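What follows is a single chain, given as structure tokens, in the form predicted alone.
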């Protein structure tokens, strides 16, 4: 058998890399198995957002606030030895009153209500009038009712952060095996004791499912059906330009799109700059399985929304467009922790578009579970068996 470890982490995206780092630094022996190359999944297609602004009070916001602090610490730890991960504490700006037919007064009232609830939950948020928005973003359209500013929102470079986490995990003794696809689970009296791969079996005390959009399929190999599915999203990238967009800026309808489970195409305007000078434009959502075809309508809507928000972008050329698959969970909460149905299986997925932001907290909790520590946050809301429990309850009621 090809080695025996305390932990097999399946998936080398940012969540898997964070799990490897958090476990290895606690002295666990770890191997990371990745079906493709580095950042080949959602991590390589993301904008690098670390957000608290798009979450309402509840378990996910608690996870995001905890992760926000961890990212600040980890960036300092990693940067000293593994290079700059481009962590920018630039803040986020949510605006309303943009576009044809926009009801600015109602939108602003909704933002005020959101701000009150988030502030009570520990989020730093500042209500802005149109002049306040323009002061923070001079190039933004004047057709605004107002907005909210979130100083805790940050951004990093996902590929650099993932590479740094994997390098740090290796320095703590972890192995990383790319292009090693998991094809099955090793079982012993009902317990998962490792995985099968094309290169042979790998034995382990626990298997961590950090397979992102493929996590539902991996869970199925263990007999732990989990309805995590790919949700496609496109990003438009402009040519490099002089400083234009100072924060992550998005329209208030983005909040509704994040919370929606509709399968059809949904678009909202998200615009942010990068240290390289390019502008990233989003955001779209579609439940289309792993359909990799281009969607011209999605790109057209993104471009139009970006120009409405920042008129100067009308003169800026698009350099490329790409897509990725977010790991969508039906109740919009990630799946974290040991699986009560399958001993030895641990979940760390289902974050949809928040995986980069929530990776440190997820990894920290997984490592605590695996080392027998008491988790710093309650894991019940993220219980991997919660979906099957609902199905069984509905069946019994019928």
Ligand SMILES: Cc1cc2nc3c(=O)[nH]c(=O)nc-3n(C[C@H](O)[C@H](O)[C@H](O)COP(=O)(O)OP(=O)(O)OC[C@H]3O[C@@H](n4cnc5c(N)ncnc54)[C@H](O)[C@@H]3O)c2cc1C
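Worth saying up front: this structure is predicted, and the values here are computed from it rather than measured. Residue numbers count along the first chain shown, from 1.
The protein also exists as the form predicted in complex with the named molecule; that form is not presented, and the subsequent description refers to it.
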{"query": "Contact assignment for the named molecule in the predicted bound form, among 345, 365, 354, 31, heavy atom within 4.5 Å", "finding": "354"}
{"query": "Sole residue of 107, 91, 233, 273 within 4.5 Å of the named molecule in the predicted bound form, by heavy atom", "finding": "233"}
{"query": "Residues 15, 211 and 214 all lining the named molecule in the predicted bound form, heavy atom within 4.5 Å", "finding": "yes"}
{"query": "Proximity to the named molecule in the predicted bound form (heavy atom, within 4.5 Å), stretch among 112-120, 74-82, 142-150, 320-328", "finding": "320-328"}
{"query": "Residue contact check: residue 40 to the named molecule in the predicted bound form, 4.5 Å heavy atom", "finding": "yes"}
{"query": "Partner proximity in the predicted bound form: residue 126 to the named molecule, non-hydrogen atom cutoff 4.5 Å", "finding": "no"}
{"query": "The named molecule contact in the predicted bound form: residue 47, any heavy atom under 4.5 Å", "finding": "yes"}
{"query": "Residue 266, heavy atom within 4.5 angstroms of the named molecule in the predicted bound form", "finding": "no"}
{"query": "Sequence-ordered residues of 180-199 touching the named molecule in the predicted bound form, heavy atom within 4.5 Å", "finding": "180, 181, 182"}
